[in-house]
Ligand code: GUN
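Read the single chain below, which is given as structure tokens and is the form predicted on its own.
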């Protein structure tokens, strides 16, 4: 039974756009309805065709807004909400000076639970309905995040970080202890409701050979789980990996040898890769995660999108808070555009919005569940207002069509452009009610 429907201008992508002007890559309804049934999309189409079906439903009507699938963030750090905007360090110093200090607090389960509520509130406020989340090393912090997401009906992919060297002693665990805790979390949370687990070695610098091999064994034991880590973000990091793993030909091969590369492997950054490493990622079907705001903020380098795309490497987009400087996927897409412009590349508005929705869902293998407006998918939605600020409204006064509107949203939009976020068809922003039907 349809108990709620959402009406307005609907946009969903069918495939990756070939470039600007690729109208065949998406479906657009100038006046459409999404009928919600048991938290999923029961039907989508023109309002004239579906109004009768939704006659007894509560209809949230946004006649001037743009309604898309909820946005997806493929790399974000749950324990770094108070690390964001930390001054003046590159990667390894930044970890020591800010990240490790903050993450020690997550040993306190009550603290972690409070932070989880803030974190999920902030995602929803920015229109993000699914995220791949790094935890601290503490299993109780991962528990808090999964439990908070479960109570909201939201789905996350998350994991407790594992590290057994090159960090402060309170954050280090032996390979066996960390793997045992991870195995327990997988058994209790992976596939529970909408929750999924990601085995999460922080990066090769902080894990021994034994721990990486044990993480790889977990992926073999539980083939449905994900793996997330960092790769080739910073020159000093790469030099450290070379010193720690002198028998491996390159950084990426460290992960390959441990059994960590596959279609469910999400590798953040991937900035400084040689051709052999690019081939390893392509052949494994692994995902290179583009994190433009953190790459710029920490001074790590520029992601070469077109090189990886030409080589056949799968690509996703992410905020990487707290190295990243915004929870907004819109702001993140704006920085991605600039990073690509600096290299003579281009990111069209169509490509950006596809990447934030269907494209990121496809990178996760979840394009039938999220990232699309289609019957059977979860009714996770974001309602975007291209006139959310005076400057945006002023610019929109001369916008000439859908693609130009999307480009305004991705260039100057942020959380203020999010009028409402829906999770399983229920409004997640209770302070932003839908306007009444005119």
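Remember, predicted model here, so these are calculated numbers, not experimental data. Positions refer to the first chain, counted from 1.
There is another form of the same protein, the form predicted together with this ligand; it is not shown, and what comes next is about it.
Trainee: Based on heavy atom distances of 4.5 Å or less, which listed stretch (191 to 199, 228 to 236, 215 to 223, 112 to 120) is in contact with this ligand in the predicted complex?
Mentor: Within 4.5 Å of the partner lies stretch 228 to 236.
Trainee: Is there a heavy atom of residue 207 lying 4.5 Å or less from a heavy atom of this ligand in the predicted complex?
Mentor: No, residue 207 sits far enough from this ligand in the predicted complex that none of its heavy atoms falls within 4.5 Å.
Trainee: Please tell me whether any heavy atom belonging to residue 320 falls inside 4.5 Å of a heavy atom of this ligand, as the geometry stands in the predicted complex.
Mentor: Residue-level check for residue 320: yes, a contact with this ligand.
Trainee: Could you tell me if residue 294 has a non-hydrogen atom within 4.5 Å of this ligand in the predicted complex?
Mentor: It does: once this ligand is placed as it appears in the predicted complex, residue 294 has a heavy atom within 4.5 Å of it.
Trainee: Contact with this ligand in the predicted complex for residue 126, defined as at least one heavy atom pair within 4.5 Å: yes or no?
Mentor: Heavy-atom contact with this ligand at 4.5 Å: absent for residue 126.
Trainee: Which residue among 178, 91, 362, 286 has a heavy atom within 4.5 angstroms of this ligand in the predicted complex?
Mentor: Checked against the cut-off, the match is 91.
Trainee: This ligand isn't shown here, but in the predicted complex which of 203, 303, 327, 146 has a heavy atom within 4.5 Å of it?
Mentor: Partner contact (heavy atom, 4.5 Å) among the options: 203.
Trainee: At 4.5 Å, heavy atom to heavy atom, what parts of 79 to 116 sit next to this ligand in the predicted complex? List them in sequence order, or say none.
Mentor: The stretch 79 to 116, when checked against this ligand in the predicted complex, contributes 80, 91, 94, 95, 99 at the 4.5 Å heavy-atom cut-off.
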